[in-house]
Structure formats: C-alpha cells, structure tokens
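Just one chain is shown here, as structure tokens, and it is the form predicted on its own.
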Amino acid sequence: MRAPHPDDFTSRLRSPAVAARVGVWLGACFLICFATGLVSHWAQLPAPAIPFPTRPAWGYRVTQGLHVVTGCAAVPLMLVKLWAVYPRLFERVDLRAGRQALLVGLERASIGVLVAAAIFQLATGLANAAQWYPWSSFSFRTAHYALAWVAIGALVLHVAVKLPMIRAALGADVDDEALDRPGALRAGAVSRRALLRGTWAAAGIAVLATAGGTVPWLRQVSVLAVRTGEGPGGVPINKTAAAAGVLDTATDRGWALDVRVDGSVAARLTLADLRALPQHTVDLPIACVEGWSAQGRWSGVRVRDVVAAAGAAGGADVVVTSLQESGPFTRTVLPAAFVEDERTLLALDLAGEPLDLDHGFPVRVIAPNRPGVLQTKWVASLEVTT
C-alpha cells in the first residue's frame, strides 16, 4: 500500500480560501482562550507579584465563561481546518531546495506541535468542565497552563510562516481558484460558501449549547452546559459534603471557628458567636473554572471584622483551612486585598436561608471576583499571616 499523495484528495473545498477563513476564527478562539486562561492562572496563584483585583465582582465570571465557550467553539473550527489542510501534509519536500525546504519543515513542525497541544488542551479542558479526571500522573492546572504556552507559540510560528498565503487567500474571493492545488475538482455538491456557513453554524451551536452555564437566559437551550442553576438557593454544587468527607465534622454541635494569629489561637467562635456579630448581605456571583457561574445573595460576617475581633492588624493575608481533609484546596490563601474588601464574607446564609450542608455549612468564604475553588467551604480555621 502506497502512502497518500496530495493528488488523491480532489475536493475543491480543501482550499487555502477555506483554511484561511476558518483559521482566522480558530486563531481568535485560541487567543481568547489563552488570555482568559492566563487570568484564571493568575487568580489561583497564592502570592502573585501583582495582586489579583477584587473588582469588578463579575470579572472572573466573564473571563472563565469566555474561556470555556470559546474552547467549545474551537472544536468544530479545528476539525474543519484540519480537514481542509490535510492533503498538504503529504506533499514531498525537496531537501535540496534550501530556504524553501526550511520553511516547509518549520510549517509542518509548527502544525504538528500546534495540533498535538490543541487536542490536549481541548480534550482535558472538556474533561475538566465535566469533572471527569481519567489522568492521575499530572496536575490538570499545571499541565493546561504549560501547554497553553506551547500552543500559542506554535500558533505564532505557524502564522508567521504562512502569512503570505493567508494574506493572498483572504484578499481574494472565496471561490478564486488561483491558490488551489492542480488536482482539485472544479465543481462539487457543496460550495465553499456553504461549507463555511455550516462551519459558522456548528461553532454557533457549540456556543449556544454551553453558554448557559454562564448566561442564565440561555440555560433552556444550553443542553451541554454543566451546573446551570440547579441547587439550593439557585447555586449549583460541585462537591457535596459526602464527597468531601465532612458529614460528621460539619454537623458537629461542638464546631467552632479557630482564628489564629502568628500561630496561636486568638479567638474561638461558635456558630452562635458568628451570628451575634454584625451581619452583612452581598449579591455576588460564584464562578468556577469549569465555566459555570451563578448569582447568589449571601449573608454573614465580614472576614475583616472577624480578623479585627481576634486582635490582628489589617493588611495581611489569611490562610483558610477547610474541614475537608484531602484535596488541593483544603488550604487556600485569601490575599490581603480580599480580606479588606467589605464584600468578602464568612457566609452563613444563602438566599435568606442557612447554608445548605453541600454549600459549606456551617460557614464558607464568599469573595468578589474569585475562582469558585478558592471560595472555601466548611471552614475550620482562619490564620492571619503577619
């Protein structure tokens, strides 16, 4: 059996005219995913060089929603893009051609790296959105962040190498045959314009099918969106108390919140003590890395008031520890800017009712513009680091 040859692929739809136009939108999706992914990584750093902002309160909700939606839109775009350029991968390279051979080598190397990185990013990202983790040998967040730089680097190299052809293809009519391969057919059952319309429609359907996780009024049509508003108080639940192993400790009548300052317990507050402190209500979204978000009306005690009541000076980070005994977010750092923000609460109620056990009863953290994985549930202690 002989290896495929470009002449074996005769469809005129496999054209630079199609590849360039789909590539523009695919590249835009990649850039949005990359930028919003950097924001998410920044938000989860325990001590970033530049503090993550607390405003706007809905910032993380928007950026992470965009991240997941554009990632889903990229799936049909990438499939059509690969289908359009597939025959070029079988073109022979004359190694004696010097500069031309080098350009072809760079093009194919960048394509190989780009495709591999893109498939990894999309596959693991979709698995993460569905909370399905078949891997155990690497951290999703670390690997996703590292491969994002690989993908964007390969994309920049690929565009640089192919820029003359991209400009020529975009500058001509979509049906122009000047850049077509010699063996391409002159007619077909489907036109290039029909293929492109179908591609835009598929990408649009992917957006509508997932955007309801962030956009409430799309929830009825977003059949692929995860956690779109179901749950106590209208806020979905990622991890239940049973899954976290806190059924007994969270409902223990002897529970009390330890507030430590410089390693020593400065205050020990029961649930009744917390309710006796001045209560505040805020309307804040909770937004998770999986792309879903929901607005909630939270009531409780300001973190800065609890810290001050324990005798700690302001302007310090606070380490929040959960009753949950295992997992990467059992201990999180609440940066000083969030501690001092008047909207950052130790929430006791949601939508006018005491917190549901699965929402973090007896108390959880809720702060503006903060990833959901850092909005610690089932809080056991606060430790002020000075």
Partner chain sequence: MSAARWLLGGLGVLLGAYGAWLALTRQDTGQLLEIAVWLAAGVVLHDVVVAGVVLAGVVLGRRVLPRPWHAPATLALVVWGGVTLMAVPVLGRFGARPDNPTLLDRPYLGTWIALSVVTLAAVATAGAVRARRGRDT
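Positions refer to the first chain, counted from 1. Treat the numbers as computed from the prediction; the structure is a model and nothing was measured.
The same protein also has a form predicted together with the partner chain, omitted here; what follows describes it.
**Q** Quick one: of A276, A127, A309, L170, which gets a non-hydrogen atom within 4.5 angstroms of the partner chain in the predicted bound form?
**A** Contact with the partner chain in the predicted bound form is made by A127 alone.
**Q** The partner chain isn't shown here, but in the predicted bound form which of L82, A294, A267, A184 has a heavy atom within 4.5 Å of it?
**A** Checking each option against the partner chain in the predicted bound form, the one that comes within 4.5 Å is L82.
**Q** With the partner removed from view, which of 174-182, 158-166, 295-303, 248-256 is the stretch that lies within 4.5 Å of the partner chain in the predicted bound form, judged by heavy atom distances?
**A** Of the options, only 158-166 has residues within 4.5 Å of the partner.
**Q** Please tell me whether the candidate spot formed by P76, L224 and T228 is one where all three residues come within 4.5 Å of the partner chain in the predicted bound form (heavy atoms).
**A** Each of the three qualifies.
**Q** I'd like to know if W132 sits close to the partner chain in the predicted bound form, meaning any non-hydrogen atom pair within 4.5 angstroms.
**A** Yes.
**Q** Taking heavy atoms and a 4.5 Å cut-off, does P232 contact the partner chain in the predicted bound form?
**A** Residue-level check for P232: yes, a contact with the partner chain.
**Q** Any chance F9 has a heavy atom within 4.5 Å of the partner chain in the predicted bound form?
**A** Within the cut-off, so yes.
**Q** Should P87 be classed as touching the partner chain in the predicted bound form when contacts are defined as heavy atoms within 4.5 Å?
**A** It does not: once the partner chain is placed as it appears in the predicted bound form, P87 has no heavy atom within 4.5 Å of it.
**Q** Scan 191-212 and note down the residues that get a heavy atom within 4.5 Å of the partner chain in the predicted bound form; none is a fine answer too.
**A** Sequence-ordered list: A194, L195, G198, T199, A201, A202, I205, A206, T210.
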